[in-house]
Ligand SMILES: Cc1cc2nc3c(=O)[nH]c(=O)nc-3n(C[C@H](O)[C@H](O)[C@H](O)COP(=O)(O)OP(=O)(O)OC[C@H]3O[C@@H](n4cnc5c(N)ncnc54)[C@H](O)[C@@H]3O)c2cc1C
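Shown below, as structure tokens, is a lone chain in the form predicted alone; questions about how it binds or moves come after it.
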Amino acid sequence: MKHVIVGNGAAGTTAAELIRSKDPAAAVTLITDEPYALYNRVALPRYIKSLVPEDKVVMRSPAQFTAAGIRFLPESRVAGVSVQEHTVLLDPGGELPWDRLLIATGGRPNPLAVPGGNAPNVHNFQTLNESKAILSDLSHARSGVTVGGSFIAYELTEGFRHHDVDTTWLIRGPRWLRRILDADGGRLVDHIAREHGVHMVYGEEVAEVTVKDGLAVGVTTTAGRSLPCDLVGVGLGLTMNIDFLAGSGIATHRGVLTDRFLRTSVPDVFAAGDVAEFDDVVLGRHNMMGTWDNALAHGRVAAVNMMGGEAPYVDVPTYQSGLFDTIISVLGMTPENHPDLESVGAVDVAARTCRKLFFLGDRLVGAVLIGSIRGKRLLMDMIRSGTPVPISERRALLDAR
């Protein structure tokens, strides 16, 4: 069997290694447009804070893939897929045949599409190369601007402040994570960020980046505010890498549509990781979750099914991160992907805690916890089991332990 995997992140690499370990006779090819083998994207926020060295971020080498019997094609771009011929088309040329194909291409960060937004010290933050460039600029920066209401924008803001860079955080909406947090939750995060010396600006976007001698030296906002800076960090969301599937017959929506087995609409083609818009058995609808743990789990399920198995993906997607000197945990489904959810919440600014629960019908389907993750296991179990929760009992769940 010829297994071709497009994307060498956590999902793609996990699938490649599992297939090789279970079927030593299989031919496994792993394709990426990056120059690196697998590295730990979860570690990149700590890397730009100089808390971990590069050799602790990198998890695999090309030599390790070779030793495992995996053909590794770095700096290779897939231009298209022919499901009739069972081939992937490479750019600038060439074809690879496959019996089973896995799409694990993730997404690409949206650029700052304004005049001056392509200056070399205006940075997205997803890849190791981008992280290296950010860390280099942080070594001499005195002031910076971060842009966006996403987790990436937060991680950049925290990284800038860790290096004592005077940082202004520019958010287009009324608060951080505006689709997930309510106004009270947004005020709590604002309070925490300001405690750490961040200048918060809401309701404004970047209109232009001022460039001098080829480098960004300032930002002008849509309200006419002028913000001098030595670098700019951009966290404006992702566009899923599905362009190369146009005309292939593989069904896409926001990502690549799959069933609960991570199979796409085309036989012998699977999708996993951030790019997979999968039929979520636990939540009862299609879902997307761009987390490391989700990608690892997807990679394992996809590998089993590419080898002929019938393993459904059954789990509650979760994400957990630091939030300056506290913590945030996101469980299951949130209004980020499904704005029709009902919610209850409680915020205690003095205690620096926020708890918000999301419901679909009579089911608990998601939660956001800031400052304390007490009751997380109970909430996870309730999401997984689909236990009905009457409206009269929902607020009591906020005190779950």
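On a predicted model such as this, the values are computed, not experimentally measured, just so you know. Numbering starts at 1 and follows the sequence shown.
The same protein also exists as the form predicted in complex with this ligand; that form is not shown, yet it is the one meant from here on.
- The stretch in contact with this ligand in the predicted bound form, judged by heavy atoms within 4.5 Å, is 43-51, chosen from 57-65, 342-350, 368-376, 43-51.
- Here the marked residues V6, D33 and G290 all reach this ligand in the predicted bound form, each with a heavy atom within 4.5 angstroms.
- Contact with this ligand in the predicted bound form, judged by any heavy atom within 4.5 Å, is made by just one of M306, V78, V122, V206: V78.
- Contact with this ligand in the predicted bound form, judged by any heavy atom within 4.5 Å, is made by just one of T168, S329, N241, T210: N241.
- With a 4.5 Å cutoff on heavy atoms, A104 counts as touching this ligand in the predicted bound form.
- By the criterion of a heavy atom within 4.5 Å, S321 is counted among the residues contacting this ligand in the predicted bound form.
- At the 4.5 Å threshold, heavy atoms of D274 reach this ligand in the predicted bound form.
- Within 4.5 Å of any heavy atom of this ligand in the predicted bound form lies no heavy atom of A16.
- Shown without its partner, the chain has G9, A10, A11, G12 in segment 9-23 as residues with a non-hydrogen atom within 4.5 angstroms of this ligand in the predicted bound form.
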